[in-house]
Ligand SMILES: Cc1cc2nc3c(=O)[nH]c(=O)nc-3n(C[C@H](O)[C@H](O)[C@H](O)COP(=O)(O)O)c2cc1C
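Okay, so here's just one chain, in structure tokens, the form predicted on its own.
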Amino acid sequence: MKIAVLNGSPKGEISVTVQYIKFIRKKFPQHELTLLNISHEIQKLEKDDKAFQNVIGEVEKSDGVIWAFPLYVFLVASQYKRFIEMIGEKKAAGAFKGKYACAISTSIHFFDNTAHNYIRGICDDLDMRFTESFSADMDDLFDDEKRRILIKWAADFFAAIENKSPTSKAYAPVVPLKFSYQPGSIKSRVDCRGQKVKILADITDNNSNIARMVNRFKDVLQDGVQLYNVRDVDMKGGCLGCMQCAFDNVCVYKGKDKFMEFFNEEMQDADVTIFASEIRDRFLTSRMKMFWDRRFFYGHIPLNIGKQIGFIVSGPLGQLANLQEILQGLAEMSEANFTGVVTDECGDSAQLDALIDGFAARCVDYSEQKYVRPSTFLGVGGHKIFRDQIWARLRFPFQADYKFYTEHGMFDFPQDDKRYVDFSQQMTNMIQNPVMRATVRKMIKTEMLKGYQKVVETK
């Protein structure tokens, strides 16, 4: 069989992901796996229609498609995202229709679920026959049992094609909105009260809903607001995954574009950061994704500690639970307060005015009060993955991360919490006695509340 492998690594064939593909190719020599370096060649694919059509041609003549990619900031790399956008722009979706598909990623399992959900949704939109995803830890290839599982997964994919196995869709089609926002007059403006509010928007049409929403938000605030269009930020390309920044937070693009300077000088002092974008396919725009990917020159360091992050989105966000999770995760992993999202889904201009006005006031109030809600599983779980990886496996080469985590007390391992460790050991020893075990069982519900009740009564 002929299999088109769409390689999402910006490093091309010099990537961990590709080693997994080469291993599969070695174990199944009867099949022809054609590696197409999508992310590495994205600028050529954008400029050279013949090169793009060559990729589409390989897909058309294939029996199946493997979407292979590393994880880049909750998703695939911006270059891969751009290719997916181009499929729609160049009306190439027909080449994918009815093809069997699967997805394989390599990562440290940080929000690998959202990346796979996204790719699965894209395959459903393209009317492909999706079988299964495979999310590999980067080092799984070193383990005998995990290699066996990888071989089984690949064998099942090939068997599904050969047997024309039935598949089902996981996601309903995204229904676009048909609403033109017409902002009304502003009845009262919000004083920024000294808070610095920065808006980073992707605007290509000044008459679009997203442009009008952003301008409404900006105009409601009396002062202290700066608006930047991500299209004007000097970025020569997406993150390359080269890790040249890992020692000292200096991007390999330094001297080639002005992204580092823009981010450090214009965005880092914001008290409130608002990201604004239209929805493209099942995410925001690839340009906005490029901005988030390029911030990785700061590695795994939270960049908005104690600050506010919110989003203005044009499009059917309510139909995209996966994207909602990503937006909240982005804020929580920055150790910022997630102020929420305003969309144009209400379909009513007066109501949208009120939503934007209230959102602006809330962002300023939260910032002035230094209000940061506790993180959910998204932030807590994500922090623990980064903490553990940077402590050991990623300590080298991410030296800058390790230094930051050490200096800011972020290596908060549970075995270091002497209060709970010692208490648990004492109680464990105590209940070895059957009489004490029975006594503790009777008392545990009331005893565990005493400390909380004291706080309620005295604070």
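None of the values given here were measured: they were computed from a predicted structure. Just count from 1 along the sequence shown to find any residue number.
Below, we refer to the form predicted in complex with the ligand, which is not included among the displayed structures.
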Counting only non-hydrogen atoms and a 4.5 angstroms cut-off, does residue 436 reach the ligand in the predicted bound form?
no
With the partner left out of view, is residue 106 within 4.5 angstroms of the ligand in the predicted bound form by any non-hydrogen atom?
yes
With the partner left out here, check for me: in the predicted bound form, does some heavy atom of residue 16 sit within 4.5 Å of the ligand?
yes
Even though the ligand is not shown here, does residue 239 get within 4.5 Å of it in the predicted bound form, heavy atoms only?
yes
Can you say which of 68-76, 321-329, 199-207, 369-377 gets within 4.5 Å of the ligand in the predicted bound form, counting heavy atoms only?
68-76
In the predicted bound form, the residue from 311, 296, 171, 158 with a non-hydrogen atom within 4.5 Å of the ligand is 296
Heavy atom within 4.5 Å of the ligand in the predicted bound form - the one residue of 122, 333, 138, 290 that qualifies:
138
